[in-house]
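Presented as structure tokens, the chain that follows is alone, the form predicted alone.
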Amino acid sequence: MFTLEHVSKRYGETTAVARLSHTFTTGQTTALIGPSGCGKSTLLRLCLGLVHTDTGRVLFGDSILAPKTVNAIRHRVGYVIQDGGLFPHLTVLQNAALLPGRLGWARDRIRARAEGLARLVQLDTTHLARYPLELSGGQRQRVGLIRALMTDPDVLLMDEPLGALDPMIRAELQSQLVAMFRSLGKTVILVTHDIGEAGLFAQEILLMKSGGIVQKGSLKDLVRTPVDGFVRAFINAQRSPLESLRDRQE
């Protein structure tokens, strides 16, 4: 769905993405993982056209992402960020209606779509009349998903969507999202710091470092056949605190 060809992006002296090439498979969930500053979020923003490449190009299908094509491409892509990224002065329904309203959808159609998606993400439809500050973190994240899915996009881009949630709510939403991704059959690109979450969601994981892809494959591939010491160290650092405590006690 998205193809990156020798893409680079610098911010001053800092290289965020370094001549990276990759094709994201249609209908598949791909997770981008790696340490802070490795280029994960920049890669997502390049796909959405929020930042522009210094070298190389980004394609959506056969269309090159460029000023004249970016708006049409964005209408086919849903974008979810941490805590939903909602406008606090708008109700849930008004937040969800932003893009459909610009596209000329009728009010009845917008409400029907929002109510259907609320049921899909297990949010009470009465919450559509509330404001973001009246919702919990988990509820706001569900609203972010509703807004991203309103126009039935081909691709869903998610930047640390569950990172700000407490462990119990995060685990609940993880299970629900896995089921939702399977039922919708969307192409999903997910940024996360959590390799366990990446393995739960994704058929393919891209482990990044210094703006490049160090290793890609399934979670089993990364765990069983790490290509170098960085991959091994990253995997080991992701072990749960309970496992580390058990090892020290033994």
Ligand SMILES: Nc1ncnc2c1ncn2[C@@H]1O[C@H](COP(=O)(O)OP(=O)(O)OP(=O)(O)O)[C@@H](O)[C@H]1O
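If you're wondering where the values come from, they're calculated on a predicted model, not measured in any experiment. One rule holds for the numbers: they count along the sequence shown, beginning at 1. Under this definition, the rigid core comprises the largest set of C-alpha atoms superposing within 1.5 Å between the forms.
One more form of this protein exists, namely the form predicted in complex with the named molecule; it is left out here, but the text below deals with it.
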Please identify the residue among Ser41, Thr53, Gln203, Gln215 with any heavy atom within 4.5 Å of the named molecule in the predicted bound form. Ser41
Taking 4.5 Å between heavy atoms as the contact cutoff, choose which of Thr91, Gln174, Gln139, Gln82 touches the named molecule in the predicted bound form. Gln82
Hey, in the predicted bound form, does Gly27 get a heavy atom within 4.5 angstroms of the named molecule? no
Do Glu115 and the named molecule come within 4.5 Å of each other in the predicted bound form, heavy atoms counted? no
Is Pro35 close to the named molecule in the predicted bound form, meaning a heavy atom pair under 4.5 Å apart or at it? yes
Wondering, does Glu160 line up within 4.5 Å of the named molecule in the predicted bound form on heavy atoms? yes
Among 41-49, 216-224, 65-73, 178-186, mark the stretch whose residues have heavy atoms within 4.5 Å of the named molecule in the predicted bound form. 41-49
Within 4.5 Å of the named molecule in the predicted bound form: all of Tyr11, Thr14 and His193, by heavy atom? yes
Stretch 109-127: residues contacting the named molecule in the predicted bound form, 4.5 Å heavy atom cut-off: none
C-alpha of Gln82: shift of 2 angstroms or more between this form and the one not shown, rigid core aligned? yes
Using the form shown as baseline, tell whether Asp83 and Gln174 are closer or farther in Cα-Cα distance in the predicted bound form, where the change reaches 3 Å or more. farther
Do Tyr11 and Gln82 move together or apart in the predicted bound form, judged by C-alpha distance changing 3 Å or more? closer
